[in-house]
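Just the one chain here, laid out as structure tokens, in the form predicted on its own.
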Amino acid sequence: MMRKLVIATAAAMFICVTAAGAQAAEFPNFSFNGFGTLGVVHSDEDQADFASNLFAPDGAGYTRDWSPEVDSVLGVQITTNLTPRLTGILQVVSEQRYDENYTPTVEWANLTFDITPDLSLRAGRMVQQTFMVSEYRKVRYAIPWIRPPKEVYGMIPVANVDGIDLSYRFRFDGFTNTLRALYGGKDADTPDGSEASARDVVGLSNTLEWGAATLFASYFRYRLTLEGLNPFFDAFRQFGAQGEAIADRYDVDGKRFENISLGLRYDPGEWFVMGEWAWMDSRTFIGDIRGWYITGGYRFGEVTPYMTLAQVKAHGDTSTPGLSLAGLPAVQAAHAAGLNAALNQILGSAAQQKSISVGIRWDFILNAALKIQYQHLDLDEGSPGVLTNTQPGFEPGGSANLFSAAIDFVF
């Protein structure tokens, strides 16, 4: 149903945008703009990859010594005021996909109706405002880092949702407060050819602005299914009640997830400081995850050095006894032992790490910036941290160093 809504919205926008182009005098606010990043990243860990997100099949490290795929992105956006109260947006983005191609995909396709100047209703595919800079996480020119800290933003790698939202803005004593309520769903393809789907996504986000200060808070709840894991947990269920209990405890099949995020930013102009704390909880193998970061920088004209400290920690099960092998025939015991080992490997792969990053941004021309960033990852004992695509020679709990360079631009 949500996909049909997005398709219908995009089709309506196409018709209206075409009409707007033909009647420029009637619709003068038709506009076209875009953004992009040309980046490269190097990792000194050659038995695992530092990838753009959980759905990316590879990245820098094991697959490529230097990877241009992690950060590079190109996006274009069409915005038109169809009537004084109705606005349409279509945004198309090209970046590394789960299947290793750069086929452009529709990132946003929505219509917004202003019921009043401060109350609006939006429908279609739109940004999922889980975190403070969610709206700009792909427009890297608008953020201080080369990429948002994965200790927080890696919790939810999907940046959009198909549905409806209601936004209400009000002002008082120099404050501006914007409250959003959202309902929708999202499907995403994964590298193994299966699908991850979120259903009954309910979200509330609030942004309070006062001068140079911004305070952000959000709460999201949804039901998540990772289809690719269903056969694995179904294999546990073949072992009767104990297998059923293990599968019910750890599978991701329509399970409820909750996310809370709190953010604060202060930017008077010459310098800035910002930070976020986020929490995700589920009764699955993913468990309870908490992450935070704090960033500060100082602007010397066009040059801005910055530093970031960050951490992500898992508070769920990192291991389990699994199926009891007592009394099982040899063949079944071997099968059960294999399932136990695989489950413990999954539980032990939770991202747990601390990191420190230092970088510099140079706004060398109008609407373009060069960024260079060094990041040291200190992986918790037994954890791969945010690294993916680990190989047999990978040793969890070590460290990794990343060097990144990128040119961000808008047009």
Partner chain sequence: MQIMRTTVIVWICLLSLMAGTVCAAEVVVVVSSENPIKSLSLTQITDIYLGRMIRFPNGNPVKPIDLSESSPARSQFYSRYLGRSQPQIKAHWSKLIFTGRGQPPPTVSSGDAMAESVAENPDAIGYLSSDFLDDRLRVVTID
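Only a predicted model underlies this, so the values are computations on that prediction, with no experimental measurement involved. Residue numbers count along the first chain shown, from 1.
Form predicted together with its partner chain: not shown, discussed below.
Between Pro268, Gly338, Gly327, Pro321, only one gets a heavy atom within 4.5 angstroms of its partner chain in the predicted bound form; which residue is that? Partner contact (heavy atom, 4.5 Å) among the options: Pro268.
Could you spot which one of Ser194, Gln77, Ser197, Gln238 gets a heavy atom to within 4.5 Å of its partner chain in the predicted bound form? Selected option: Gln77.
So in the predicted bound form, is its partner chain close enough to Ala142 to count as touching (4.5 Å, heavy atoms)? Residue-level check for Ala142: yes, a contact with its partner chain.
Is Asp165 a contact residue for its partner chain in the predicted bound form, using a 4.5 Å heavy atom cut-off? Asp165 belongs to the contact set for its partner chain.
Asn160 near its partner chain in the predicted bound form, any heavy atom under 4.5 Å? No, Asn160 sits far enough from its partner chain in the predicted bound form that none of its heavy atoms falls within 4.5 Å.
Given that the partner is absent here, does Tyr136 sit within 4.5 Å of its partner chain in the predicted bound form, heavy atoms only? Although its partner chain is absent here, Tyr136 would touch it in the predicted bound form, with heavy atoms inside 4.5 Å.
Which one, 64 to 72, 379 to 387, 366 to 374, 45 to 53, holds residues whose non-hydrogen atoms are within 4.5 Å of its partner chain in the predicted bound form? It is the stretch 366 to 374.
If you check in the predicted bound form, do Thr190, Arg290 and Ala350 all have a non-hydrogen atom within 4.5 Å of its partner chain? Not a single residue of the candidate spot has a heavy atom within 4.5 Å of its partner chain in the predicted bound form.
Within 4.5 Å of its partner chain in the predicted bound form, counting any non-hydrogen atom, which residues from 94 to 128 show up? Trp108, Pro117, Asp118, Arg122 sit within 4.5 Å of the partner.
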